[in-house]
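Before any questions on how it binds or moves, here is one chain, the form predicted alone, in structure tokens.
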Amino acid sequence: MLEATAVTRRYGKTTVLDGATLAVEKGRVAAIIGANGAGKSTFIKSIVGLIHFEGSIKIDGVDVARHGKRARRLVGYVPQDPAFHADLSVKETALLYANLKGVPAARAREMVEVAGLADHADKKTGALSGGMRQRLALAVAQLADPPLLILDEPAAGLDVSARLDLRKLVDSQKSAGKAIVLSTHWLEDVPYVADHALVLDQGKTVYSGPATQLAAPGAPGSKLYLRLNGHSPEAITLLRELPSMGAVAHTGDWVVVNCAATQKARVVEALVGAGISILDFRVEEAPVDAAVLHLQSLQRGAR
């Protein structure tokens, strides 16, 4: 569905995207990962045909550079910060875009319902939460039933609950046979939603391969801070006995646990199962640059 080959973008003498290549089939999800300035948005805008680029991008065989308008009809695009008319309701917004796309009003009502916004159809878009705006943007992007969805930083600004909802939405679209490309800096989400990962660093590709490598042994993990109800020594002993667990330490009122992103739920389950109450907690995810270094080492080891 998407074939992007050696995509390069320069601003004067500065190369912001250097030979990025990505292929995505129907029913598959690809994640483009990188810190700010890595080239993610530049790649996304190139795919959508919003900027000029070197290289080749084809969507279902249609050349983006030569037939941009035709290619864009095959794409549902959700920008990082969806902008809607704040004084229009959810229902009115969907109908407005349906009219612009030449889609029947019934389709607009259907997509509002599919996005889980039927109970908020009369609410003004200016009053929507970040998660609801993302749902509305995804509903609008799918009005014409495009085979390719492009999501630019869809989890930016969302809380944990909204991010979980986003995962479900992406998974449902994947199950429907859509090809999906999303850019993100939330490494934790990628193994759960994506099949393929493309990691960029200063415009260059440092990793292109299975998304599961981001949660593989040795990958940068999460750090959990847990404040417990007077059972810190007991909890530390318990957690240190869990398999595949990293360092467990005690800092002030907090128990600090280093573990793989996929093991966070196991930590909580173990404590609750032992009758240890968790009064408060916070999570620090691995920074993008740590993942970049890890993936660079994987690439060197594969050579």
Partner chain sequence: MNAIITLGSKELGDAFRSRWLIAFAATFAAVALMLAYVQDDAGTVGEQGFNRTTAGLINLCLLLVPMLALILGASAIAGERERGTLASLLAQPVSATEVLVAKYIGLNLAVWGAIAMGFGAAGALVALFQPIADIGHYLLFVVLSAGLASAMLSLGMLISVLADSRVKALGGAVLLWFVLVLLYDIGAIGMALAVSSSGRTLALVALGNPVESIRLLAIMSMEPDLEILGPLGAYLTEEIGTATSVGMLIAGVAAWTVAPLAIAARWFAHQDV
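Residue numbers count along the first chain shown, from 1. Because the structure is a prediction, the values reported are computed rather than measured.
Omitted from view is the form predicted in complex with the partner chain, to which the following refers.
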Of 148-156, 87-95, 104-112, 169-177, which is the one stretch near the partner chain in the predicted complex, taking non-hydrogen atoms within 4.5 angstroms as near? 87-95
Under a 4.5 Å heavy atom criterion, is His52 part of the interface with the partner chain in the predicted complex? yes
So in the predicted complex, does Arg66 come within 4.5 Å of the partner chain, heavy atom to heavy atom? no
Going by a heavy atom distance of 4.5 Å, is Leu100 a contact of the partner chain in the predicted complex? yes
Report yes if any heavy atom of Lys123 sits within 4.5 Å of a heavy atom of the partner chain in the predicted complex; otherwise report no. no
For the three residues Arg135, Arg163 and His196, which mark the spot I'm curious about, does each lie within 4.5 Å of the partner chain in the predicted complex through at least one heavy atom? no
Which one of His185, Arg72, His231, Lys223 is close to the partner chain in the predicted complex, taking close to mean a heavy atom within 4.5 Å? Arg72
Using a 4.5 Å heavy atom cut-off, which residue among Arg28, Lys58, Arg266, Lys45 comes into contact with the partner chain in the predicted complex? Lys45
At 4.5 Å, heavy atom to heavy atom, what parts of 1-38 sit next to the partner chain in the predicted complex? List them in sequence order, or say none. Arg9, Tyr11
